[in-house]
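Shown below, as structure tokens, is a lone chain in the form predicted alone; questions about how it binds or moves come after it.
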């Protein structure tokens, strides 16, 4: 699969899905006008990729790094769709690690991370603080 890269804009996060390295990175603010149109191709690519991993489980974990400064409710719904797919893959035996990065003084992002983490049982969800 070709690497999926979308540049960060004022309203949408950077997306870098490096399938060969098993890494997905989302970074920036997320409040696109049409969240379904923005996240749809990413979710479709994730579905195809996870099917490939189910057929040929990798030796190392799929790493997902999220470093968000702000997101709206439509983006939160898209993140939940992504997280549900990752959790299902982990239940199928694929090692998945989600790293939720937030700044030291950003309690809101920390709390969102804590809330998202509650939905994970098979995948590993880590809160990662940075300055």
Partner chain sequence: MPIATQYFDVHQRMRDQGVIFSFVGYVSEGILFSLGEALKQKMRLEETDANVTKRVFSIFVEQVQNIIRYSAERLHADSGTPAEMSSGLITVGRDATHFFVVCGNIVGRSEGEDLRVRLDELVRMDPDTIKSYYREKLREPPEAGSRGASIGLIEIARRSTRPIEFGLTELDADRAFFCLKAYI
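Numbering follows the first chain given and starts at 1. Here the structure is a predicted model, which means the values were calculated and not measured.
Another form exists, predicted in complex with the partner chain; not displayed. Remarks below refer to it.
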Query - One stretch from 39-47, 53-61, 68-76, 86-94 that, in the model of the complex, holds residues within 4.5 Å of the partner chain by heavy atom - result: 68-76
Requested in this report: Check whether residue 25 has any heavy atom within 4.5 Å of a heavy atom of the partner chain in the model of the complex, and answer yes or no.
Outcome: no
Query raised in the report: Would residue 19 show up as a contact with the partner chain in the model of the complex if we use heavy atoms at 4.5 Å?
Result: no
Query raised in the report: Could you tell me if residue 108 has a non-hydrogen atom within 4.5 Å of the partner chain in the model of the complex?
Result: yes
Requested in this report: Could you run down 30-55 and flag each residue that has a heavy atom within 4.5 Å of the partner chain in the model of the complex?
Outcome: 31, 32, 33
